[in-house]
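Encoded as C-alpha cells, the following chain is the form predicted on its own, with no partner shown.
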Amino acid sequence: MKTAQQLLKERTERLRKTIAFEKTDRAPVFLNGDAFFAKHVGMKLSEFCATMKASHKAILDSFKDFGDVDGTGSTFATATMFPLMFYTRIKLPGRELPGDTLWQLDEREMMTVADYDTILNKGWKDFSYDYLKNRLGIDLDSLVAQLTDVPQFKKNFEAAGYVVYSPSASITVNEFLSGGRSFPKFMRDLFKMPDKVEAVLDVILEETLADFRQQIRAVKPLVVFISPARGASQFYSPKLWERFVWKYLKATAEMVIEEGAVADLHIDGNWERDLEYFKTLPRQKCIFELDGATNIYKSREVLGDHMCIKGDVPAALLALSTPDEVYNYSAKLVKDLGPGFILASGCTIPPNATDENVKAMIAAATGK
C-alpha cells in the first residue's frame, strides 16, 4: 500500500505529464466543489460558511471518503471571498438566508460612474479598501485573519496525499467592474464611455498584476486559477470582446506563465467563436477548463495539443442522471480526449449531486 507522500508524488507527476501531453498511466481526476462536500458530511451550509476552518475540515473529510482522486480545486469554501472577486454583496446561509440555503451573489449597482474618476485619480487599491469596507460592509479584518490558515489547509491536503490543484487564484479585471456596476450597466458603459472604461481597467490591471506576481513568487504554484467567467464570447461582440476581455485575460495568463506557472483558464459559458485566440498563448502552458457550454470536442479540434483540456461533466448529469450515465459520459471523454485531458466536473460539483454519480465520474478515470 502506497503512503500518502508516495501518492502525492505520483499524482503531481501525473498532472505535470498531462499538461505536457506526455503518456500517463491514466487520466487525472480532480474534484472541485464546495456545498456538495458540506452535504456529503451532513453539515449545514450556515456552519460550512461560518469559518474557513469549518469548510476546510468538511472538504478534507469528504475527500477521504472518495478515495483515489488526484486532488482538489479548493481547500475551503470561497463563498465569503466572492465580494472580493465580484465587488458585489453576497447573501449567506444563516445570515440573510435560511441555514441550509445556498449562498447568492446580490448583484446590483454598488459602483457608480463617478467611481471611474476616483479610480483614475486615486488608484485601485485606495478605492477598493474603502469600497469593500464601507460600501459593501465586508469585514476585511476577519477575512484577512482567516486567510492566514490557508497555507496549513494546503499542507493538510498534501499530507493526505492529494494535490491542491491551484493554490493561487485571480479573476480578470473586467469582472471587478461588471460585478460592481452590475452586468447590464457595465455593458452600457462599454458603449457610452469605452475609452474611460478601458483606462480604468488598465489601472486595475497594472496594480492587481503587480500584487498577483508577488503572490505567485511566494507560493510557487504549479497551476494558477484565472476566472474570466463573464467574459464569455456569447456576451460580447467580437470588437468589444477583443478590447475588454481578451486584452486583459491574455495579459494575466502571460504574466502567470512568465512566472513559471501554468495558467488554468476557467472557461464558463460559451467561447467557441474565439477559440483561435487561445492558440496565441504559449504552447502547453495553459489548461482550458470547460463547464459544458463550450463544446469540448470543438475545443480539442481547434486547440489540438496546444493546450490541455479539463472538464466537463455537467452539473445536471451529476445531479439528475444515473451512475451508469455519468460513467459512460466520463469514460467517453477520457477515451476521446486522450493525452492532455483532466477529468472533472464542469465548473463545480453541484450541491445536489449524488455521491454515487461523483464516484462514477472518478471510476471512469481510475478504472476502479
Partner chain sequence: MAKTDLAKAMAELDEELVVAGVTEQLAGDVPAIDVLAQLQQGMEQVGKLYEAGDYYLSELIMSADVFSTAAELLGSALTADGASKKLGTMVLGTVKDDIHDIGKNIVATILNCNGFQVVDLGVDVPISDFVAAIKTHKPQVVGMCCLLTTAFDVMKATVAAVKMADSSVTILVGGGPVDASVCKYVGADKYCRNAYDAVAAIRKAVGVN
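Since this is a predicted model, take the numbers as computed values, not measurements. Positions refer to the first chain, counted from 1.
Keep in mind the form predicted in complex with its partner chain is missing from the figure; the text below concerns it.
- Proximity of K192 to its partner chain in the predicted bound form: non-hydrogen atoms within 4.5 Å are present.
- Within this chain, S233 lines the site of its partner chain in the predicted bound form, having a heavy atom no more than 4.5 Å away.
- At a distance threshold of 4.5 angstroms between non-hydrogen atoms, T12 is out of contact with its partner chain in the predicted bound form.
- Its partner chain in the predicted bound form comes within 4.5 Å of no heavy atom belonging to K250.
- Contact check at 4.5 Å (heavy atoms) against its partner chain in the predicted bound form: all three of D106, P184 and R273 pass.
- Put simply, of Q152, Q214, S237, S142 only one has a heavy atom within 4.5 Å of its partner chain in the predicted bound form, and it is S237.
- Among V219, L132, A199, L102, the residue placing a heavy atom within 4.5 Å of its partner chain in the predicted bound form is L102.
- Heavy atoms within 4.5 Å of its partner chain in the predicted bound form are found in one stretch of 113-121, 238-246, 219-227, 74-82, which is 238-246.
- Residues from 350-366 that approach its partner chain in the predicted bound form with a non-hydrogen atom closer than or equal to 4.5 Å are P350, P351, N352, in the order they occur in the chain.
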